[in-house]
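One chain follows as structure tokens, the form predicted alone.
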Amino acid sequence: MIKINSLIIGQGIAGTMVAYMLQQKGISFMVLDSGKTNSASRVAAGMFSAISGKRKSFDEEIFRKQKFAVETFKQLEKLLGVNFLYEETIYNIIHTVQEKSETLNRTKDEKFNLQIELNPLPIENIKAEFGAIAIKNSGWVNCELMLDTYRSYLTSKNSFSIVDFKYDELEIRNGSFYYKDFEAMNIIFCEGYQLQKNPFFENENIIPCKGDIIELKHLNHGNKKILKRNGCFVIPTNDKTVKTGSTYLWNNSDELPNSSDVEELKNKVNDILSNDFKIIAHQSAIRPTTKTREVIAKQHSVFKNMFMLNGLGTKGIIQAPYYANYISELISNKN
């Protein structure tokens, strides 16, 4: 048997961050992942912003977690020797007269004002008939690149394996976990919406929410800012292509792309871009969300060396490092 401190099930954003936090504390671990290419973490846009929601609210707690996340990603970039973090302003296009009025009213809040720029310079080939605001302290993470490079790094350290995890093959004896060739003191489940099948956390209500992202070729784009309008975002991945999304299909666990979802996104993009574009790729994935939209980061009530991190939802890229660190502190203090 290969003895390790912690067994991590799943290498999405949650599992990656848990592994990195344990690594920072010098705690041995093994990550087991199914190797799916269309997981929510891989399809995710990875966008983060100081201002969020339809009401464009500023949440100080989320902002603190965002700063912690950005610093964590910079450290991980340095370790891996690759750039996947892009700090960039969001050009938030006002969609209606009512939204314009509500946004101007929000500027009475000093904390909100510090995070935005009113009436930014217009961007060529962008529809913004009601104006726009620029949101500072924003950006995006190339999640797929981050996950792939960290997976390669872990593989080189013999700390990663592609395994289709089976709950009934997990043995618990004398306070330790035994799975295939591994003996671990702790186990952390970071499975996304697949948690619904987990017999150890049956009472956790994870709601599957399907989302779609399409990649576009937009010849006259040439803009590096993130565009956002009416819940739709456009992120420049290079000089000629952008990715855009997303749909929100609640209680939907159908992972297959649907043409009607593409049409919904095309209509939204048409409200943003004034010239033609061509769809070159379409991806669908299932987000793990909760009723309260709060992250679940917890210790099992009976098995005190069993943990889970899930329900990251749409702000997962901001919240994952903070709660992964919380889980790693629980394990470190217990040890």
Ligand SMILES: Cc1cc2nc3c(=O)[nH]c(=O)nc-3n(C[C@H](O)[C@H](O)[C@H](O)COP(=O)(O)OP(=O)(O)OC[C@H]3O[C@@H](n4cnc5c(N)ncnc54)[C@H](O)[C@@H]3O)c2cc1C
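Bear in mind that the values here come from a model prediction, so they are computed numbers and not experimental data. Numbering starts at 1 and follows the sequence shown.
This next part talks about the form predicted in complex with the named molecule, which is not shown.
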item: The single option of Asn275, Ser57, Ser301, Ser34 touching the named molecule in the model of the complex, heavy atom within 4.5 Å; value: Ser34
item: Gln66: touches the named molecule in the model of the complex, heavy atom cutoff 4.5 angstroms; value: no
item: The named molecule contact in the model of the complex: Trp250, any heavy atom under 4.5 Å; value: no
item: Proximity of Asn305 to the named molecule in the model of the complex, heavy atoms at 4.5 Å; value: no
item: Ala45: touches the named molecule in the model of the complex, heavy atom cutoff 4.5 angstroms; value: yes
item: Stretch in contact in the model of the complex with the named molecule, which is absent here, among 117-125, 104-112, 78-86, 160-168 (heavy atoms within 4.5 Å); value: 160-168
item: In the model of the complex: members of 195-215 within 4.5 Å of the named molecule, any heavy atom; value: Gly211, Asp212, Ile213
